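Single chain ahead, by itself, as structure tokens, in the form predicted alone.
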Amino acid sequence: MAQKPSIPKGTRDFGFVEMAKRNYIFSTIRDVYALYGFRQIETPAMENLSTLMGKYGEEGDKLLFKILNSGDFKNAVPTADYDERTAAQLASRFCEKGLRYDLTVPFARYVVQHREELQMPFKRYQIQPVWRADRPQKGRYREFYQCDADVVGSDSLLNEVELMQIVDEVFSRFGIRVCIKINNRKILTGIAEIIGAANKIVDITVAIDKLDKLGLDNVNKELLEGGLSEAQVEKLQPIINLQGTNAEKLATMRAVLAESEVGLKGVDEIDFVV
């Protein structure tokens, strides 16, 4: 018996019922973006690897789908080099292009490339698929859509307010109640600064980001395994255990970050947006 055709793991077909639902969702999001003055652009599915590599960290780079060069790509590397080079080194010689991992890096490339054509501030949105060479599991796909909106050419916090209003408006139109969580990189920088671990900011934020999934004890364990001392982890507890109203949380952060100028600036910015 002939084997039935299949699709790669981590991808899916969309039938006419799913397409009708998805088109309704995308149409609603487009309407709200347009309401706030955002204009749509599209970028190619593939980008030069020189544009993509190094933007997502070492782990992110491993999840990039790389495209083999056309023709006899093996000519780029002598056979004798195969055993001496790592897989990543060989891939960099065999591949010049890759599928986009997200829409942010392609947008940054677009702005730089078309800077003279754009009037600032430039408000853009994109609704396009992205690809990640991740291990397929429930709720995680190798191909999925992102709906991005960004503003460049302005550092006004009113842009942040507007983006939160967009999120609220979209879910209100869908009749879905959501909890919108807001963060600020200056606060994260301040946290790493006040515990004396400025060089560990990535490890700290990655661990804290897993709080809902792993729980407090496991997050503290991961922080210790990441190179923080017990004293440093203890200093993080008021931040990790933030509770109360927004005003109470802001007050806690002001107290913890009292000696960090950049951290307090981040608290002020979140206070403004809230």
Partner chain sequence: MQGSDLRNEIELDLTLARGLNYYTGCIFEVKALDVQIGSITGGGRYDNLTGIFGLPGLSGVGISFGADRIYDVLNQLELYPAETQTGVDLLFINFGEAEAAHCLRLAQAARRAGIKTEVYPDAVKMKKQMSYANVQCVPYVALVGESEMQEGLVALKNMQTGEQSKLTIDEVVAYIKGEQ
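Positions refer to the first chain, counted from 1. This one's a predicted model, so the numbers in the text were calculated from it and none came from an experiment. The term rigid core refers to the maximal set of C-alpha atoms that superpose within 1.5 Å between the two forms.
Missing here is the form predicted in complex with its partner chain; even so, the following discussion is about that form.
The shortest heavy atom separation between K9 and its partner chain in the predicted complex exceeds 4.5 Å. Mapping the unseen interface onto this chain, F65 falls outside it, with no heavy atom inside 4.5 Å of its partner chain in the predicted complex. Within this chain, R93 is remote from the site of its partner chain in the predicted complex, having no heavy atom within 4.5 Å. Mapping the unseen interface onto this chain, P136 falls outside it, with no heavy atom inside 4.5 Å of its partner chain in the predicted complex.
For the candidate set I41, L224, A34, L242, a heavy atom within 4.5 Å of its partner chain in the predicted complex is found for exactly one residue, namely L242.
Taking a 4.5 Å heavy atom cutoff to its partner chain in the predicted complex, the contacting residues in 96 to 124 are T104, V105, F107, A108, R109, V111, V112, R115, M120. Shown in the overlay between this form and the one not shown, fitted on the rigid core, is a CA shift at Q146 smaller than 2 Å. Once both forms are overlaid on the rigid core, the distance between the two CA positions of I25 between this form and the one not shown is under 2 angstroms.
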